[in-house]
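Let's start with one chain on its own, the form predicted on its own, as structure tokens.
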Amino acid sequence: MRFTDARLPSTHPSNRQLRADGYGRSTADSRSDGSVCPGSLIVVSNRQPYRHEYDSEAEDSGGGDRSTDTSSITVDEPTGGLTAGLDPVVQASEGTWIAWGDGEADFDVADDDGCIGVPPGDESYTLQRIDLSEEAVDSYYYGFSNRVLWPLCHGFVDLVENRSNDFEWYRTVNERFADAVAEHAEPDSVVWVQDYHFGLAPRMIRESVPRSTTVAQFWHIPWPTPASFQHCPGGRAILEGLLGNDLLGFHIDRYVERFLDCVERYLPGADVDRTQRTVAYGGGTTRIVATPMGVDAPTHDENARAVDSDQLSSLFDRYDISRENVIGLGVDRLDYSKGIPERLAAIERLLERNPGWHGEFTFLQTATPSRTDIDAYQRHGDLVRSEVTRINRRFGTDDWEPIVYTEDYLSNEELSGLYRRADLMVVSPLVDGMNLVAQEYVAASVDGDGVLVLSEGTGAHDRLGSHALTIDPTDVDGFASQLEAAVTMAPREGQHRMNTLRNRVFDGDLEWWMETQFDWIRRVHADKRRDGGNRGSGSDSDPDRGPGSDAGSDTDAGRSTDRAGDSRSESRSSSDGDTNEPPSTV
């Protein structure tokens, strides 16, 4: 079958399927050194590609300082996803990767600037680590990034917590990353910023690098509607920051349109061209594109084919699951956006309506605790666990539980085995930027006999929805009906659906997505060089002084608590995202 053929290297995209919309253009203009990047590449991300840790099992020789004992240091390397996909690209370009250094031994092995050559033993590029204090992490990452932007972008405005100083720290950390970029940027450089942790950084970078430097960003989570975005503290500064990019990417068209809606409503001075999907603002133009991210499909396929049946049997024994049962599977972070309580409600309705499935159907839900320092996540975890217990008490017997719930760590091998074995995969987020688990399941379904039950609220639904079983996670009866359809689907129909899904996942895999990103980057980079890098570095309006900016750039984070934005946040309930202020607060 086509999806099991040997893969061609990413430097030969002419052998790959090209999309009719031009996003998959040939990359024959790649640099002769093998890099897909047109200039020196600088990646900016919250997560780092390599982390140095102390081996907890290694004894401290002589009871001395561990920081001087490099023999006890281990290296965590990228194992999948975007980090693993980007690593060879940065190696080929001999570029720079700037990230938060969160490893215990990170700065003991780096130089005074936090820089170290990676990969270990073959130092192809520079990893510069940014050292963040506990206060910075709490306010920038757990604060503004995940108490404001995450719930806001997923539509949970009631969970937005605008804590004092969080936005100031977010600004300060963005400035530190922008300063680090400026130290490495050259006229021909390409800066590629990743995700929502750096909403202010692109404009800061733009104002501190050569005009001909290309600045791009991919926003990996949904973009909110204007009605939700009005609740964003510092929202205008976020928009202006993102419009410092030459290229801004989202997963799907819907997010692009919402972003343009927000710009039109909250930045009156911006010139939005919806036909070209460009925004002219602050002396420059930003192109907005939609390119759905994929997964490393060949690797998931390979891992599933290599599954050890004994290991899978051991896993079933561990959780007391009958090998003969129909198996449903859920694989999620324990996040309120993932729709796990709604999923449990649908399973409960399935069991109510179908007593014949009692003892014959088992749903295995794996959940990875996440951001447990945030109250909303703690409450959500408690709710999920209590619902599992209640449903199992209602329907379970001495030798069968309908829902097997675990927060245990599962190895890649174990997860691949579960993907392959599961008769149906339930992916039911209320909102999700893309959802890579759905694609991983399809790529690992090498026997072609699984069924994907997929929420219409995921970005993945735009690509896979026609041959998955579509659900509205909030419609319990409809959701349960689709579960019934999944467990009773005729093998021939299931095979047809899965074969089509696999072709789509392999055609739009991580390799395709990476090539597409750099196709766009090369186009924008070439345009800038042709125009002499003539993109204005200043703004027609000061992003620090716009309505809702909540902060000025002349105040260090954490030093001032009497700013207007802080007073406003203290007047609200910390767990209530509603505001009495008009949309102009954006």
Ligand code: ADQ
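For clarity, every value in this text was computed on a predicted model and none was experimentally measured. All residue numbers refer to positions in the sequence shown, first residue = 1.
What comes next is about the form predicted in complex with the named molecule, which is not displayed.
Put simply, of 417, 508, 450, 433 only one has a heavy atom within 4.5 Å of the named molecule in the predicted bound form, and it is 433.
Of the listed positions (364, 425, 486, 221), a single one reaches within 4.5 angstroms of the named molecule by any non-hydrogen atom in the predicted bound form, namely 221. Interface residue remark: residue 106 is not counted as part of the site for the named molecule in the predicted bound form, having no heavy atom within 4.5 Å. Taking the partner from the other structure, the named molecule in the predicted bound form has no heavy atom within 4.5 Å of any heavy atom of residue 466. For residue 232, no non-hydrogen atom is located within 4.5 Å of the named molecule in the predicted bound form, even though that partner is not displayed. The named molecule in the predicted bound form is approached by residue 251, whose closest heavy atom lies within 4.5 angstroms of it.
Heavy atoms within 4.5 Å of the named molecule in the predicted bound form are found in exactly one of 434-442, 385-393, 309-317, 469-477, that being 434-442.
Contact residues in stretch 392-430 (any heavy atom within 4.5 Å of the named molecule, taken in the predicted bound form) are 408, 409, 410, 415, 419.
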